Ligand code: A2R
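Listed next as structure tokens is one chain, alone, in the form predicted on its own.
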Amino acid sequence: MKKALIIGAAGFVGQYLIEHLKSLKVYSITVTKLPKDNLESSGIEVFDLDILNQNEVLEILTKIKPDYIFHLAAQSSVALSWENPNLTIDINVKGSINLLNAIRKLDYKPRILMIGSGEEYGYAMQEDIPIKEETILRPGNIYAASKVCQNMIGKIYSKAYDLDIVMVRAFNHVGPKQSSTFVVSEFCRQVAMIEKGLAEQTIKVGNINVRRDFTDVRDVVRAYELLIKYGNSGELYNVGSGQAVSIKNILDLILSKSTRKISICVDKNKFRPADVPIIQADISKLKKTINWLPEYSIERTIEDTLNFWRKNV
């Protein structure tokens, strides 16, 4: 069995990746989490890890000797990156450097999957839509800038130190159990609260005219597993649906599934200091490399997410 290590496994994507790897029955799975996080899953080994402590990182890698490393540890909220840019840079940039420097000290070369973001492309020109991996990066927020830096460092380390690194730019991924700090999950949470009479029949929204490329998290982790096996070392791949949908259309779809009549209220406090009008992935390189396509429709994802919140508010 191959040894898989998931760094930052207590988050939204990590929990789905654990279950996906377990379902394949070809991996022994070790994961890390922050001491404050709760993570329970049978058949896996769990370690507490502060990725900002390089000695801790090296100690775990030396002990486990993983064949594959999924680097999921990140501050992944765009909104929070505006509020706390220092934390975002520390985790996404310094944490990644700590991991790569620790890997350099090993007596073998594991394969690493480093997760960036479609936000890195930022203010793409209309002629660049859908966005290819070679598109000029114009990050429009602190989170995006931190991920640009992470992937640039990954590319440099791959060449300079001959590390076996595959890099990803993952576009918006959504699904049940996602934090309500993310827009689709927050809309579903608000609807579930309204249906139970716990909130007024009005949803507060920010800028709903922007268009984003949404992919179900269950499809995303399937792509990650295939990329860590078959992706080309030193290469970067977009992971997304290949389609852009406006936040307004997402909201309309959620409201169409509600049992209550709900109105919409635009809240200027929910607007970001800067917002990118459209982000849409070109996934032709991904499809060619791993023969992957999304299996979950946005309708199915929204229905599952809404039902999750109906059970958990």
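Every value quoted in this text rests on a predicted model; they were computed, and no experiment measured them. Heads up: residue numbers just count along the shown sequence, starting at 1.
There is another form of the same protein, the form predicted together with the ligand; it is not shown, and what comes next is about it.
A.B. asks: Check for me: heavy atom within 4.5 Å of the ligand in the predicted complex, for each of Glu134, Met152 and Gly154, yes or no.
C.D. replies: Heavy-atom distance to the ligand in the predicted complex: none of the three under 4.5 Å.
A.B. asks: Want to guess which of 204-212, 191-199, 102-110, 141-149 is within 4.5 Å of the ligand in the predicted complex, heavy atoms only?
C.D. replies: Comparing against the ligand in the predicted complex, the contact stretch is 141-149.
A.B. asks: Could you work out which of Leu72, Val184, Ala124, Leu227 is the residue within 4.5 angstroms of the ligand in the predicted complex, going by heavy atoms?
C.D. replies: Comparing distances to the ligand in the predicted complex, the residue within 4.5 Å is Leu72.
A.B. asks: Taking 4.5 angstroms as the cut-off for heavy atoms, does Gly14 touch the ligand in the predicted complex?
C.D. replies: Yes.
A.B. asks: Even though the ligand is not shown here, does Ser76 get within 4.5 Å of it in the predicted complex, heavy atoms only?
C.D. replies: Ser76: contacts the ligand in the predicted complex.
A.B. asks: Does Lys261 reach the ligand in the predicted complex, with heavy atoms at most 4.5 Å apart?
C.D. replies: Looking in the predicted complex, residue contacts with the ligand do not include Lys261, since no heavy atom lies within 4.5 Å.
A.B. asks: If you check in the predicted complex, is Ala244 within 4.5 Å of the ligand, heavy atoms only?
C.D. replies: Flag for Ala244 set to no.
A.B. asks: Scan 23-37 and write down, in order along the chain, each residue with a heavy atom lying within 4.5 Å of the ligand in the predicted complex.
C.D. replies: Heavy-atom contacts to the ligand in the predicted complex: Leu34, Lys36, Asp37.
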